[in-house]
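Below you will find one chain, with nothing else, as structure tokens; this is the form predicted on its own, and questions on how it binds or moves follow later.
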């Protein structure tokens, strides 16, 4: 028998030697790492509504793709309600933000088009761009002038296709906000589409939690992605776009056509979450107050720059240091994880601290004190 060669083990050994080997670990300690910003994932209110739905027969599985028998009235009701809430012409519900980003960027830009993407966009956006037939260029993070200069140069060089500007509204690893107003103006001036991933802003920021792109939602040249598995405490992703673009996705997007549809029960969960965030604006206010408290404590106690949002990176640089500090915090009862390259740029390994309604000021204060002691020991 021929012995198979397995280079995979060698590659894992290399990752381990660099301090970058990933392992699964269960939640342990207080939540300072999840994206359950509004505390809805385990909320009794949402659970009660889902129990009632199960009792009246809402299905836990869809049974097929949306274009076969997997299309249920819960999907239609969610998409109609979400379009009304966010202000989109139409919305499509996908099984996750990853598949939604993959669908948008692998399907809508065409050969001869140009995709300009912020250097720090989600991995799912990168994968969608790689699968596209359009040319693509990375733009320095949050540099609206660079977007415009690149578009201008491309047009002057004979670029005839459609430009696409791809950004996040609130960046998942840095917690900073995109210059959306400037980018929307550039998109209009150059006849470009603006694709805005609202994953970490949906439910938290903007009027009624509609996101940071609420002002631009519904424009023909704007496409949004609202993730449902973060602040909404459920599952899936909602793409907001013109009716024409949604029809094109239904007909051409492989992640939509060939994937089993999201469970009807999850579509209902998202719709109920949208109702809850509208009925309980105090959740957003409480989160904003808690995030401000955490940013102030980290800035004052540690002397570090902060983001001003619910995502607070603590840059440590070295991979091993980030892992050690995270492990010490976990041992002290604070579930904070280390983020290392290639998820973030080289030499920017960090702690990613997220503030959710699953903690309070007293927990945050204890965590900051503990982090200060650990960082002092690391010097």
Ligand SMILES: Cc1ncc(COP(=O)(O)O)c(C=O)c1O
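Positions refer to the first chain, counted from 1. Treat the numbers as computed from the prediction; the structure is a model and nothing was measured.
Here the subject shifts to the form predicted in complex with the ligand, a form of this protein not shown in this document.
Checking 212-220, 97-105, 71-79, 301-309 against the ligand in the predicted bound form, the stretch whose residues place heavy atoms within 4.5 Å of it is 97-105. Contact with the ligand in the predicted bound form, judged by any heavy atom within 4.5 Å, is made by just one of 172, 142, 295, 132: 172. Contact with the ligand in the predicted bound form, defined as a heavy atom within 4.5 Å, holds for exactly one of 205, 271, 283, 122, namely 122.
Proximity of residue 240 to the ligand in the predicted bound form falls outside the 4.5 Å heavy atom cutoff. In the predicted bound form, at least one heavy atom of residue 199 sits within 4.5 Å of a heavy atom of the ligand. Residue contact with the ligand in the predicted bound form: residue 227 places a heavy atom within 4.5 Å of it.
Not displayed here, the ligand is kept clear of residue 128 by more than 4.5 Å at the level of heavy atoms in the predicted bound form.
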